[in-house]
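A single chain comes next, written as structure tokens; it is the form predicted on its own.
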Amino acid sequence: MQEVMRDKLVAKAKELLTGGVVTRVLGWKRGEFCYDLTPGIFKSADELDKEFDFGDFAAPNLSKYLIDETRKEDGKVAVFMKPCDTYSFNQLLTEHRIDREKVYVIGVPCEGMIDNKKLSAAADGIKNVAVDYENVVVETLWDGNVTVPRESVLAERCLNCKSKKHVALDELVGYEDEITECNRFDEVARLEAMTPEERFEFWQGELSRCIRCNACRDVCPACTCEKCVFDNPSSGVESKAPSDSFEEKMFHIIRAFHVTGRCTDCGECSRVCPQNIPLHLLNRKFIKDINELWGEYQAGAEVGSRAPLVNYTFDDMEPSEAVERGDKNA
């Protein structure tokens, strides 16, 4: 199934290149391992045949790469996007970070992406992987073939997918479904039910593992500042070396505040974290609060929509009401 879709995407990319519609294609290319697909630019049919790939490991959200790609050269760039990626694309358009006239969006279907970390935990020494609708068969270096249920190794964001429908599109290859019901706020509610001391202990344990590699910041479509406040060498917190436990929490909490109302819940921060910190839960907490305080709002659902935090109305909740609500949920 995925090989058939890959061939369709390659054919579509070649058609757009040879027809002069675009000058390059942004997609996924094969990495060092079969499960290691990374963003890549393709400018010829030969490059597409040799390096382009698509399948259960095409997890990277390509929207942020369009910021630089639409600036550094003329001509349109075609980009392949899964439904969840298009929310980030729309949000970047809203913030005027991408020139829409320079992008040709090709929608691709998605039945969920496999989490490399979950797969590695289930089968050690991965040599090759074969995937069908229900199972993942892993050829290992020393344990032979290991079969695991596909659903057990799907990424958390895919198990709690907010939508299988593209919100930005020039052309669709394949099919798409409607917006789905999900339980993405269940874990946030579990944390809210804890005592303040329990929550502090939870996040202290999680954030203390941070090595300040900045992968979460660098991959986040909502983090697009050319100079980050945490890169200021005069701050004393620009790297992990001089940090302490306060700095660990400050970095992630401030980053979460910076993307509040703009985070599309794409989950890239947690996907790339080498320490397996569930950073998406910080963002989801703010999303849940926005929904409860101002009404449901999904960043990136529409180009030009204003987040509640930057859009004043006479019906806005008063600060005292928000504080009272927070006390009740403590």
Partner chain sequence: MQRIGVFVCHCGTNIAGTVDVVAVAEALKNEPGVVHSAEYQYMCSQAGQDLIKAAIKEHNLSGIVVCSCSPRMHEATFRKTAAAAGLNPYMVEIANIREQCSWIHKDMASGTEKAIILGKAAIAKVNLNTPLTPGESPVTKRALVIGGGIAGIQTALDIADAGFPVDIVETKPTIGGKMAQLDKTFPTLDCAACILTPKMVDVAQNEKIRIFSYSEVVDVRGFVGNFDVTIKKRARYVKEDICTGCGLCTEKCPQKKVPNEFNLGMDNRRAIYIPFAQAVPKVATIDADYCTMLKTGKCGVCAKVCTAGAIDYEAKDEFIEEKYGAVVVATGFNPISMDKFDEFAYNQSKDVITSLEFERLTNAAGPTAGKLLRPSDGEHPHTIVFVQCVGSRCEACAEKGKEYCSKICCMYTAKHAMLTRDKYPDTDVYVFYIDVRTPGKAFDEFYRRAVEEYGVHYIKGMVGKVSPEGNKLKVQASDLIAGKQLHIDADLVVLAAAIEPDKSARGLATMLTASMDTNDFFTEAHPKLRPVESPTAGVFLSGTCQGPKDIPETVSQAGAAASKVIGLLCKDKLTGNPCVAQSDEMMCNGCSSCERVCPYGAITYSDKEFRMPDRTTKIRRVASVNPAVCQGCGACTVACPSGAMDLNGFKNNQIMAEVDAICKM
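From a predicted model like this one, the values you see are computed outputs, not experimental measurements. Positions refer to the first chain, counted from 1.
In what follows, reference is made to the form predicted together with its partner chain, a form of this protein that is not presented.
Here the chain stands alone, but in the predicted bound form its contact with its partner chain, taken as any heavy atom within 4.5 Å, falls in 255-263 among 128-136, 255-263, 107-115, 167-175. Taking non-hydrogen atoms only, N145 never approaches its partner chain to within 4.5 angstroms in the predicted bound form. Though the partner is left out of this view, N232 does reach within 4.5 Å of its partner chain in the predicted bound form, counting heavy atoms only.
The shortest heavy atom separation between A189 and its partner chain in the predicted bound form exceeds 4.5 Å. Although the partner is absent here, C225 lies within 4.5 Å of its partner chain in the predicted bound form, judged by heavy atoms. Think of it this way: in the predicted bound form, its partner chain has a heavy atom of just one of R97, K76, R100, R150 within 4.5 Å, and the residue is R97. Contacts with its partner chain in the predicted bound form, taken as any heavy atom within 4.5 Å, map within 281-314 to G304, S305, R306, V310, Y312, F314.
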